[in-house]
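Below you'll find only one chain, the form predicted alone, shown as structure tokens.
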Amino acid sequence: MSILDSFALTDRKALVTGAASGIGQSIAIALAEAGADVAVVDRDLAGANETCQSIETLGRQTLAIAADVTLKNEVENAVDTVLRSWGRLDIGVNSAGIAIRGHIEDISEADWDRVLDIDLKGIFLCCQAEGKIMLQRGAGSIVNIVSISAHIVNRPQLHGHYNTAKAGAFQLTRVCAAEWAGRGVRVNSISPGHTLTPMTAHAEDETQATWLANTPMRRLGAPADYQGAAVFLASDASAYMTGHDLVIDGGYTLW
């Protein structure tokens, strides 16, 4: 196999959560460009259908699946839909997430639960459902979208519940990787830096200016900046890698 061939995802079957917009959408399209058929999973079915339209123009098969990643039965149904349609699942990318701001002393229990449910429990439920199917075949690659907030207490925005959830997702990635390494299933993660997406577009100019000033590359990320890493981690090019977190942040965590 040539080095370029090792990055190909020809005819592999992928599922991407949070793929109606932002980083998840960009990764779903990248997997399709690399040759995979991609199931687009999101609560926003209209947005999921838009992503599917982009995938269809690439000549790949696609499915739009409405699911809430905090609900075990909906996650399992999404995976079952892929199996019924395509017969197997080779790649899982778990990208669904939210961020809510607040001083740690002021965070409500409801906001704490909502962030932890989506950003940590959702990753767990997806890893569990995807992993069970992949373990039966003895093959598969799971990629969790974490955050630099798994590694640092981010600033200037205050979101202790988000930092906590992402740190948990980072460690969960390592736990799954360790438990499944001998059974053919690899689990890695990507930690994006500050990225301009629909979720961050509302950030105040002052906040974005602080992010920019503290990024050595002097620009904020774009969803496309994570496409290459996702294809790499999903492909045979990373066949000897598991339990690793790729930090892609323009150098933000260097300072």
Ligand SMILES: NC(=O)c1ccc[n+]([C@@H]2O[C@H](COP(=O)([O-])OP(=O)(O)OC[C@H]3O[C@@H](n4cnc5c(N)ncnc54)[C@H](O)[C@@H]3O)[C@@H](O)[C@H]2O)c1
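This is a predicted model, so every value here is computed, not measured. Numbering starts at 1 and follows the sequence shown.
Keep in mind that the form predicted in complex with the named molecule is missing from the display, and what follows is about it.
- Interface residue among 200, 227, 210, 54 relative to the named molecule in the model of the complex, by the heavy atom within 4.5 Å criterion: 200.
- Out of the listed residues 127, 133, 118, 185, 118 is the one that sits within 4.5 Å of the named molecule in the model of the complex by at least one heavy atom.
- Although the partner is absent here, residue 68 sits close enough that one of its heavy atoms falls within 4.5 Å of the named molecule in the model of the complex.
- None of the heavy atoms of residue 215 is located within 4.5 Å of the named molecule in the model of the complex.
- In the model of the complex, none of the heavy atoms of residue 92 sits within 4.5 Å of a heavy atom of the named molecule.
- By the criterion of a heavy atom within 4.5 Å, residue 147 is counted among the residues contacting the named molecule in the model of the complex.
- In summary, the region of this chain contacting the named molecule in the model of the complex, judged by heavy atoms within 4.5 Å and restricted to 94 to 102, 79 to 87, 134 to 142, 175 to 183, corresponds to 94 to 102.
- Taken together, 43, 162 and 193 are fully in contact with the named molecule in the model of the complex: each brings a heavy atom within 4.5 Å.
- Taking the named molecule as positioned in the model of the complex, the residues of 1 to 32 that bring a heavy atom within 4.5 Å of it are, in sequence order, 18, 20, 21, 22, 23, 24.
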